[in-house]
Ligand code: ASP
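Presented as structure tokens, the chain that follows is alone, the form predicted on its own.
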């Protein structure tokens, strides 16, 4: 004998009911089937609404009643299209009784709990009638049994208490004599000894099925719903969530209590006591394995079993020095809540006894606050207690698993993961059984919190990194191409899932919370919304995604000013834009401090040397206790390109133009040739070395003429280069005469920093520096004579993009 229960979604349409019938028919070939059914999806709420409107004398209840009638007749017509006259007449008769009941409520303007139970019972009575008649018409050996004849209760209407012994006798006696292969039972409904209709409260149909399974000592109870079992997290919020194959009763109860809607914990108590396994199955996908719940189920290899949450929570805190060492405060608090019929969801109390925090449903705030303040009015008046403190718009997120009690550090891993993603924890609770660790967080952070914990505990250490890229010109485009090329490698080798969520240029911005396809991002951006710095930031914050990274691939001061806002939201910043780190020292220090305070990485390796690990090498030297004595460097790929290609047979103007066209200079080459760009780079290295310097402290020995420096526009600058060609030729001739090379060199010591054009002799490490390469020589306490050298390509879109990419990967691996 098998006991099956089908919920409201499973019987919510003719198509779904046909699925139910197929399942029942297949199982009935080898088993006697007892099928408990809920009301058609949404009907119970509609019935309650009609009663409330009728009580108020509002005739609009008739419109809802008409909709209820229409739904059931439509189901009947689709399930039994012919020969349904007698069935339709019987259905009409049932609906007449419903209409008559509502008419009575309307006339006397009263809806007592007793009448409400009778009203709500129509949902299951109607659905079970239609399903049983459909089975019979299709020549299946089926019958309908009114559960009200089997389950007896007291008259605590709305949530009646079942008389277990009498109900068990009725159930066993009936099914001992029943010979039908299939018996349909309406769930949720029962009857008192006085013959009045009663209902079993929330989860009533599950309770009906559990009572029947327990009375008959069934081998298992199958609960069919619209999901393939209990999931590791809510699949509507966590796309990576997956069904749990096996779970024990206690874990199932914890997950169900904390928001998993598949089961209502009190309703399965009858089978739990007898250790009858429960199987959660999907009516829409019956081939899926589902979840098997038993007393000894075990999730091998998993530190946790699932994550769940309860939304719309309020936290009430009773605190004051008058509580310390005084017995009875907790008793009075919970007595008052019980009198007000307020359910307490979570409790936490510090060992100082100075405060007690409780979490309740947000709808109960006013009642709870008033009751508690009244109960402790004397202590509040005497200043021994503060009026109860109320915090709204909260949620509870819970990590559940029997295995957790055997593992150290689970709480640390949970809270560390939440903290790294800027999810503030308002309160925590953990029972001595260690099966549940609960945290109260802001409601707005629920999705982010669930995904963060699911990634940490259920995705094999795979990490999702969400990118917001500002600036998709030459370098930005190369970065996206590199991400596209390496996605598979990153997933397989580094367990990183890089998703581009937002892209922006100076005109348009485009977002996709599910990830922008790196193949088609240009089309999306072209059709995107008008760009704004504030709008881009607002969307990144609003999406509130875990492991978010803002990537600045611009040279804009306005974009650099946004960094602090991103860091305050624990959004990491990766930048090739040098402006922020070379601006006022106070701004640089502020960004570094925000990075530490808000646990948001701030990486800018590409500020110096494009993709070369110059800043990383410097930081490693400092972190390991080495001391920088001096730095000598060629840090401008554009200037190195220019002077490597400039000869007495070329024009300086033409070489600069070539460098700009090949992407080695900024769009405005004056930034490179003036030495300001190199000065910014050595300033950044100075600051990373621990020196407190500003840009004005860098001595800039410019090789340009006064006319070059005074040019107002780029075109004007190029004109002056032609006019002053002889000046540049003289620089070249001076170096050539000494068999030396022109290099633009940055120098840093403990006391000063400078940049300028130098003549480099043969044999010097800078002499043979080719193309757009950069070189940095670190003289330190550990490398006093032979410097530590970093050398390689220091300009170009590809290498700059690769440097940004490397910083992103560093964050992902953090």
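All figures in this text were calculated on a predicted structure; none of them were measured in a lab. Residue numbers count along the first chain shown, from 1. What we label the rigid core is the largest C-alpha set whose atoms superpose within 1.5 Å from one form to the other.
One more form of this protein, predicted together with this ligand, exists but is not displayed; see below.
Student: Name the stretch, out of 752-760, 767-775, 783-791, 35-43, where some heavy atom lies within 4.5 Å of this ligand in the predicted bound form.
Tutor: It is 35-43 that comes within 4.5 Å of the partner.
Student: Give me the residue from 147, 665, 205, 134 that has a heavy atom within 4.5 Å of this ligand in the predicted bound form.
Tutor: Exactly one listed residue reaches within 4.5 Å, namely 205.
Student: Going by heavy atom distances of 4.5 angstroms or less, which of 641, 604, 188, 563 would be at the interface with this ligand in the predicted bound form?
Tutor: The residue in contact is 188.
Student: Output the sequence-ordered list of residues from 108-124 with at least one heavy atom within 4.5 Å of this ligand in the predicted bound form.
Tutor: Sequence-ordered list has one entry, 124.
Student: Spell out whether the Cα of residue 127 moves at least 2 Å between this form and the one not shown when the two forms are superposed on their rigid core.
Tutor: Shift at residue 127: 2 Å or more after core fit.
Student: Verify the C-alpha shift of residue 755 between this form and the one not shown: is it 2 Å or more after superposing the core?
Tutor: After core superposition, the C-alpha of residue 755 moves less than 2 Å between this form and the one not shown.
Student: Would you tell me if residue 38 moves between this form and the one not shown by 2 Å or more at its C-alpha, with the rigid core held superposed?
Tutor: After core superposition, the C-alpha of residue 38 moves 2 Å or more between this form and the one not shown.
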